[in-house]
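Taking the form predicted alone, here's one chain by itself in structure tokens.
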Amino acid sequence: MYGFEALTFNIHGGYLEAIVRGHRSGLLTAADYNNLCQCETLEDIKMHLSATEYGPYLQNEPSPLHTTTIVEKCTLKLVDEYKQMLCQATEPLSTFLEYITYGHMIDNVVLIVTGTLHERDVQELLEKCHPLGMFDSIATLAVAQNMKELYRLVLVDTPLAPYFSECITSEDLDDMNIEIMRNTLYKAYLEDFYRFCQKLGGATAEIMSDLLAFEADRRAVNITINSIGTELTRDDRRKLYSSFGLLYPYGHEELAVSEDIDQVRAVMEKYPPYQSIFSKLSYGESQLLDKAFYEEEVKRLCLAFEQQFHYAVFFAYMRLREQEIRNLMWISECVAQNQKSRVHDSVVFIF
């Protein structure tokens, strides 16, 4: 019942909402980022992070440090917080929290299948998988030769099973098919998550609709740009777009026939919320597009915390923490490779 969440929300969700708002106050600030950008070595980064919530996770790491170690430990903190919240959650919040991890599951499946295709060691691939997207039978993905086997042998017992109905074919797995599989799965996942949030109703439905619509539109733009100049037909491209969002349906029709980045830009500039994103880019360039989308997403995620008695704060917090880890990875890589002049190129300030 919209507007009356305050009556009953705190019975089951109050404690966890307080916890997640507490975690949110531990996110790195602009001052932290400015200090990190001044660091000369990875040891300096570790020393600065020791004063933040990442301190306990990094304190026992021996020298010399590697970027992967920093990212791994920061991700471990996120995983610990997520597991703590999931243990405390009751329905429907527990299902909502599980939905948040399905995107990582899809990425892990694609990573293992692509790595196996290029004859990489399975153990090495498993180490690169995101811990939030792990499931019991993930290591056996390596034996699959086509989509049918992938589904029958491994994925039938995972939460991703319903999303596979659209992409079960007997075609052998190659790079193109795997990329189409990733986007088809993501489309089914986003639509399912969107329907689930609509069913929850109230402020959760309102705020999550906006956040998921933005995600769907961003994916539509990325699919369009990445498929320019490939053998993907217009109809195939259209099938990969989600059936909701600000661009649905007329924007999708125009994106499907776009042949270059400037045509994509012309389509997006018809939509006021996306006009500001594309106004930051000069014509013909798409390298800065990811950063512009991340900045807009962070703005929207921060706004989710302005309202109370809804589940979108959990989604927003997880996404903000993931963005923070991306920032730390970029800063660490720049420091490790002596590219400090480029350190501000990809850092998205959260507060």
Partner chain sequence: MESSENGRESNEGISVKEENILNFLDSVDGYLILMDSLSSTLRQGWLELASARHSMGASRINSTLFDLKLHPASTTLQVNDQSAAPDRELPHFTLCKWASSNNPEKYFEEAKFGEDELLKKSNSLRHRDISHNSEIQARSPESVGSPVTVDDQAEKERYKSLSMFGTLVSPKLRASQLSFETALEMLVEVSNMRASLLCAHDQVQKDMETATK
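Residue numbers count along the first chain shown, from 1. Remember, it's a predicted structure, so these values are computed and weren't measured experimentally.
Just so it is clear, the following notes concern the form predicted in complex with the partner chain, a form of the same protein that is not shown.
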Interface check vs the partner chain in the model of the complex: of 188, 132, 111, 74, the one with a heavy atom inside 4.5 Å is 111
Among 226, 158, 198, 88, just one has a heavy atom within 4.5 Å of the partner chain in the model of the complex, namely 226
The stretch from 136 to 144, 273 to 281, 179 to 187, 207 to 215 that lies within 4.5 Å of the partner chain in the model of the complex, judged by heavy atoms, is 179 to 187
4.5 angstroms heavy atom contact with the partner chain in the model of the complex for residue 330:
yes
Taking the shortest heavy atom distance, is residue 107 within 4.5 Å of the partner chain in the model of the complex?
yes
Please run the contact check for residue 115 against the partner chain in the model of the complex: heavy atoms, 4.5 angstroms, yes or no?
yes
Please run the contact check for residue 342 against the partner chain in the model of the complex: heavy atoms, 4.5 angstroms, yes or no?
yes
Do heavy atoms from each of 21, 295 and 299 fall within 4.5 Å of the partner chain in the model of the complex?
no
For 35 to 70: residues with a non-hydrogen atom within 4.5 angstroms of the partner chain in the model of the complex?
none
